[in-house]
Ligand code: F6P
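The chain below stands alone, shown as structure tokens; this is the form predicted on its own.
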């Protein structure tokens, strides 16, 4: 251990919330190693996200706890989807139960935390912002395979999931070619299509469907038929889980939900396969990659990003710069106010160069 520097934060709690993704342990390690080695901070691990903070499931972390975890997937702290500021509805509102929030505040002070470090996606950082408005010191780190957090150009977990998605598309190509089929692969991305767009382009997808661009099944059908007429009797269709048709885009959320329940198919990938068969007469088969995208070891770039963000978080802790989220902005580690990502989603801009690139190489975006 080198020379210990003076620090505004003596003790901090750390939690991981929401879905797991590659790079979480690397980020935990980055914060804890820098916080302990550089600043001699006391570190409290909060088990299972905000649920652990509500229940007081908190333990002291030692170097043995955050050693050797750089390459491991998942999170050593566990996670949950507990959102203390949410009521039974689907949005953050003024009707949440104060009991959970008061329990969080009680345990924050009981364990003498100077700051709470939260690792997670949109919901996690939104909750962090709301807790900061309740008087707690909070620092956020952006994790999600969807890459949809406002305030950072890149989230850790994205590149690992991108590699998995691209490999899956590569593996579908031989079957599609051998059997002259249309193969649909459904990737994650409920509100933003970054993962489907990047993996689709990297894997040579012939059609890429994103939440940002409602699709026209007739345009897709024309594209696939034209490929067949040109001697390409197979196609790969990459679909983000949040993709929707132009008809669905005009519906209210509840109406769209009822409409989808009537189709009796498990997800968008199967629905698109059914629609393509009806439109073209071609055989279409769907594959849903699911949680495989979030599993396994983080790729090298995610390890580097997560570690860098974690180490930078320790510096903010030392300086007492609270109410911030770390991010990668213009290839530099920077921080933004926690209000920046709160309640927002970073969608793919309709003028993004990747969309232009996809169409330039002959990819159909469903329009």
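Just so it is clear, the model here is predicted, and its values are computed rather than measured. Residue numbers count along the first chain shown, from 1.
One more form of this protein exists, namely the form predicted in complex with the named molecule; it is left out here, but the text below deals with it.
Asker: Taking any heavy atom pair closer than or equal to 4.5 Å as contact, tell me whether residue 179 reaches the named molecule in the predicted complex.
Answerer: Outside the cut-off, so no.
Asker: I'd like to know if residue 205 sits close to the named molecule in the predicted complex, meaning any non-hydrogen atom pair within 4.5 angstroms.
Answerer: So residue 205 does not count as contacting the named molecule.
Asker: Is there a non-hydrogen atom of residue 294 within 4.5 angstroms of a non-hydrogen atom of the named molecule in the predicted complex?
Answerer: Yes, residue 294 sits close enough to the named molecule in the predicted complex that at least one of its heavy atoms falls within 4.5 Å.
Asker: So in the predicted complex, does residue 145 come within 4.5 Å of the named molecule, heavy atom to heavy atom?
Answerer: Yes - in the predicted complex, heavy atoms of residue 145 and the named molecule come within 4.5 Å of each other.
Asker: Out of 133-141, 97-105, 253-261, 184-192, where are the residues with a heavy atom within 4.5 Å of the named molecule in the predicted complex?
Answerer: Result for this chain: 184-192.
Asker: Exactly one residue in 222, 173, 81, 274 has a non-hydrogen atom within 4.5 Å of the named molecule in the predicted complex; which is it?
Answerer: Exactly one listed residue reaches within 4.5 Å, namely 81.
Asker: Could you list which residues of 234-250 come within 4.5 Å of the named molecule in the predicted complex, counting heavy atoms only?
Answerer: Contacts from 234-250: just 241.
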